[in-house]
Structure formats: C-alpha cells, structure tokens
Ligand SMILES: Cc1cc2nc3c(=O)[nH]c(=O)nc-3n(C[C@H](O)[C@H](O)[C@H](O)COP(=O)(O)OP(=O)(O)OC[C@H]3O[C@@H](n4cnc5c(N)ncnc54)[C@H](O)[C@@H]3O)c2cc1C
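Single chain ahead, written as structure tokens, the form predicted on its own.
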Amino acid sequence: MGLSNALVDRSAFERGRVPIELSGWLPAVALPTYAALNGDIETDIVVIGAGLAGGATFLHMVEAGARAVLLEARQPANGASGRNAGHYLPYLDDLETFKKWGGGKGERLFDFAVANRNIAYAISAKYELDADCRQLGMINAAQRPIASLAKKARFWRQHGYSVDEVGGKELAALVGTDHYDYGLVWREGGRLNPYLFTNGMVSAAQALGGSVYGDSPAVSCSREGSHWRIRTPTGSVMARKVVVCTAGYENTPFLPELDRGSYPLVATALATKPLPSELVKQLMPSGAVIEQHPGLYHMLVDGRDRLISSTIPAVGKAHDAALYFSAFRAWLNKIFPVSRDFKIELDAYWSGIMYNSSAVYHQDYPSVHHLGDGLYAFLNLGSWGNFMGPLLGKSLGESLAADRPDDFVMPFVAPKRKMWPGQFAFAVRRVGVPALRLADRLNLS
C-alpha cells in the first residue's frame, strides 16, 4: 500500500478519517483519477459525492438520459464506501419502520427491494465491473437453533428468497468447520469490493456521457433564478437539481441543517495477506460470507484469497491493529482448527465511520431529504450500504431524471438535529459489543 499505520495519528482511526490508502480494498495498481472542475458549466442535475449513494444515483440518472455532473471532493469511494466490510445481504432487516411512513411508501420500498435484490450483481455484470462481485451466499451460523432466525427464513422464503435452514454435516460442508450446529444460508447473499464497485459505477456512468470531476469540493450552493449554482475552488456548475451524497465525510457548509443529523459509529476492518491455496480450500468451501450469530464475528475470503473481517473497536482502541488482528486470529483458530497450522499475516488495517439515521440497530434506513425546489440530500446508508446504495440510487436517479420525484420509493424527510449523536456509538461500543465479547469468551453465544 505504501503507507504504514504507524504514520497515522491515533485520533484519525478513532474518527474514521485514516487515509483511504490504508484500506485493503484498493488495488495494487492505482486507478486513474478524475481531473478537477476548471471553469463554469451547465447541466440538468449535479450530484455531490462519489460514494455508493452518489455513484449509483449518478449512474441511473445517466442511464435514464439525464445530463448529469458528478462532483467529488477527492476521488470516488474515498469515504465510507471504500472502507466497509464487503458484505452483500439484500433483504430488509426491519419492517416495522414501514408502518410509520404512510402513503404506501413502505410497501413500495419492500416490493422494489425484493424485485431488485440482485442489483449489485446486475450492475456488475452489465458493465463488466472488476469488483469481485460474487453471489456466493451468506451464512448466519450459530451453535444452536435460533427461533428468530427460523422465523426470518420462513418470511423471506414466502417472498421468493432462497434461504435455507441447515445443520450437521450439511452446514459443516459449507463453512468448513463443525463448530456450528445451525445456520441460515442466504443464497442471494455474497461479497463485493466496495471501492472497486463504486469506482466501476462512476466509470460506467462517465462512459455513458456523464461528466465526473475529482478534487472538486463543493464550497457553496446558491439559488439563481430557477437553477442552483454549485461552486468549487476552481469552477461552478449550474443545474436545475442538486443531490448531496456526502454523508459525514465532507462538510457541506451551505447546508447547516444537515449538521448533527446522524448517529456516527466507527468500525475497523482488516485484510490478511493471501492465504495458501491448501488453506483456502478448507476455509469456507462454499465461498460464502460467514457471520456468527450473534453478530460479533464475520469473515469472507475475497477473490485474492485474503480473509476480510471487521469489528467495532473499544473506545480509544481503534488504532490498535495488533490487538484486533490477535483477537481475530484467536477466533479463527478456535472455529477453524486447521488454520492453526498455517502462517496467517496481516496485510491491511483501516477504520471508517458508518452514518446511521437511527440510534436503534438496524432501524437505520437511509435519509433522503427534500430541502427545496430541486435540492435533495441522500445520506446515512448505515450498515446496509452495499445493498441500499445501489437500490435507492436506482430509484432516486430514475425518478429525478424523469422529473417525477414522487416516484421515489421512500418518503422524503425533514432534517432533524440529533440531540445526542453519540447515543448509538455509546450503546454499541460501551455496552453491546463488550457484552458480546464476554459471551463469546464464556461460550454463551
């Protein structure tokens, strides 16, 4: 990678602001960069922020025939989209929130999500993205049958999903260990490289005629007649519609109402060096992503034969790569005894921030705000970003390109300042995760 964790200030890990070059998702050979905007241009729609949300929205706008410009403060996937865990699990984990929406929006999102549950695979195949996007399944693995998982499996099977309850030798053959006695196999689940996937969407949109500018932070947004003018340090874009997709990674000083509008949570992730081929054959023979229930540990083997995992770090410990690699290795040795016979080394360790709309775990549907005539903000993808970004980007991009915003499958909400943005992080990092770690040490999970 060319950059050592030791050269990065500890506080940067705690803030999820480490250089993107630390992320294990970056390819060995750097991708081409996008030049900065230089001068004044006009378009139909401008998207600010080239992450999963912005990239997907931009791609679907361009596909629908809109003239669109994408502005990125640095380069695509520099924020949360280049740092996540690489899981793809395309179902909705919370259905109760639908009841609060009204207007049939909950049912519309549900139907849209079911119909487009394979959207990341579809985008990857359509544009031949080199993003390791593979539908190999995801397995929730537990040491005993879990009633809530069984109920979830029954529900989603009724809606056409391929999800099976397995155990015994069948489960062991899939995961490569007999440590677990029960599991759900989500056949629609899988993995992707979020950095390459995001960059792939942006590149595909540019090839279709969209205009992309990197190193072009938006510094102001002002109304001029029926249009908005977005200014950057070296140019400006005039457009009828603006979609802000920056989450918390870049400031939007011209939209102060978005400040303190989310619940941030730091996460860290690691990637090992490529494993010996004889070990790869025995770890997760199915190739599926594994998540231990309850969800303290998870793992995937990527297309480069590396193990990828992530965690929620203890307060003040996000910088400690050795601590978390040691914990991961101990778990790996316990669950997969065959791993003890191989040298497994750390290749990359990084941190990032998830921005959530709710302080309640997995009620964090993204926030889409309508801030004025033609001005929108698509934020807070939370822990579902690899599915929700492409999914909602498709709906929002197509509805705005058609000038039919009411067709968007979620309700637009007003920005709401959170009284205590640290509430979610406090509950997870100081209470929830420590309790799960204790339960795991005592074999209570």
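Here the structure is a predicted model, which means the values were calculated and not measured. Quick note: we count residues from 1 along the sequence shown, nothing fancier.
Missing here is the form predicted together with this ligand; even so, the following discussion is about that form.
Heavy atoms of S399 never reach within 4.5 Å of this ligand in the predicted complex, leaving it off the interface. With a 4.5 Å cutoff on heavy atoms, Q363 does not count as touching this ligand in the predicted complex; it lies far away. Although the partner is absent here, R117 is not a contact residue: none of its heavy atoms lies within 4.5 angstroms of this ligand in the predicted complex. In the predicted complex, this ligand sits beyond 4.5 Å of every heavy atom of V69. For the candidate set G210, G189, G352, G200, a heavy atom within 4.5 Å of this ligand in the predicted complex is found for exactly one residue, namely G352. Screening P217, G261, G287, P264 for any heavy atom within 4.5 Å of this ligand in the predicted complex leaves a single hit, P217. Remark: of stretches 415 to 423, 29 to 37, 59 to 67, 386 to 394, the one touching this ligand in the predicted complex is 386 to 394 (heavy atom within 4.5 Å).
For the candidate spot formed by I48, N78 and N251, every residue has a non-hydrogen atom within 4.5 angstroms of this ligand in the predicted complex.
In the predicted complex, the residues of 80 to 106 lying within 4.5 Å of this ligand by at least one heavy atom are, in order, A80, S81, R83, N84, A85, G86, H87.
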